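The chain below stands alone and is given as structure tokens, in the form predicted alone.
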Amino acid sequence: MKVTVVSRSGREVIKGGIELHDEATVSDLQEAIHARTKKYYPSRQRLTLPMQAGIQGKPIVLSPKKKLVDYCDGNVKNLTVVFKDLGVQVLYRTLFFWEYLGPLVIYPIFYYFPVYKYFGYEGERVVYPVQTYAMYYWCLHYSKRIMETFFVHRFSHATSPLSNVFRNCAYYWTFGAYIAYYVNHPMYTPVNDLQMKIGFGFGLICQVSNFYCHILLRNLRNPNGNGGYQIPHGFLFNIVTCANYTTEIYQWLGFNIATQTIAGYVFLVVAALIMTNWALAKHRRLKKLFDGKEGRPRYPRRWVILPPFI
């Protein structure tokens, strides 16, 4: 079998094409491309079938585990695929570790060190109990996230573009400094004791619930990250499609009830909007996949992310 590898503009990426045996898989093709052009390692490649003229929609992405003949239209001796360079890749674990490490390190700096003198505050800073509990709560959250990254999460895609490391770190590190600055500020006014206990108590319940949601999601995938889309079930997933995002939002709501800063609520709103967008996309995808046709189960009626609103 001869495989012609072209760019989206039609330019030949691998001169003369690649000769493979008839039972070769897409993964074999990726390795062959890598052998011919060293910088294009398999996780950097995206291979699709050419789009037919006049046909709208997204191109068919080739699955690494499938045979190339599965994508041939009649002629099993020749196949043309469209190559896209996804850019330099990093492991998802690397991406998540660095984005979570920033807030975990930055927040205690504002709590423990006299950084406010550099902002013009020379007086003695009074540390309220709520500020101490907020620091512990914050560090617990991001320590949990790092632990989940290495020991709980199973990723359907092993790598992510390197550019996402800079984007995600900018998001998490900036908000980490923004919130830490105001919660630990010398002029911070604490909430009453009851409100603090309600906020942190509710938030901790949501943190534990969020961890359990991640365990349930982990069990939907094989150890190698495969397994395809499945209907999540159990615990809050019987009510909400994206219960992991729901508990994530509510745990930050608890933090903000206890600490009461504009910075914290800005972060809560931005994070909720981002996760709502992800949840809507996942909900639509699951409903489309599990439509009750041709023996497929029908996706049950559920809230998307925030009952009773969405």
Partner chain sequence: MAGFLSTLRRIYLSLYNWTVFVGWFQVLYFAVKALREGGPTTVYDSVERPLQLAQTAAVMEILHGLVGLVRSPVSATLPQIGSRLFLTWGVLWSFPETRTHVLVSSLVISWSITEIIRYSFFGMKEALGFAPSWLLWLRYSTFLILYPTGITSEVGLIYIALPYIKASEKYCIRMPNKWNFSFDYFYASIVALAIYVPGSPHMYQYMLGQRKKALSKSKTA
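Predicted, not measured: the structure shown is a model, and the values here were computed from it. Numbering follows the first chain given and starts at 1.
We do not show the form predicted in complex with the partner chain, though everything after this point is about it.
Exactly one listed residue, out of Tyr71, Tyr137, Trp173, Tyr188, brings a non-hydrogen atom to within 4.5 Å of the partner chain in the predicted complex: Tyr188. The contact with the partner chain in the predicted complex, taken as any heavy atom within 4.5 Å, belongs to Thr261 out of Thr276, Ser43, Gln251, Thr261.
Remark: Trp98 does not count among the residues lining the partner chain in the predicted complex, judged by a heavy atom distance of 4.5 Å or less.
Using a 4.5 angstroms threshold between heavy atoms, Tyr178 counts as touching the partner chain in the predicted complex. Using a 4.5 angstroms limit between non-hydrogen atoms, Tyr182 touches the partner chain in the predicted complex. With the partner left out here, the partner chain still marks one of 32-40, 252-260, 239-247, 56-64 in the predicted complex; by a 4.5 Å heavy atom cut-off that stretch is 252-260.
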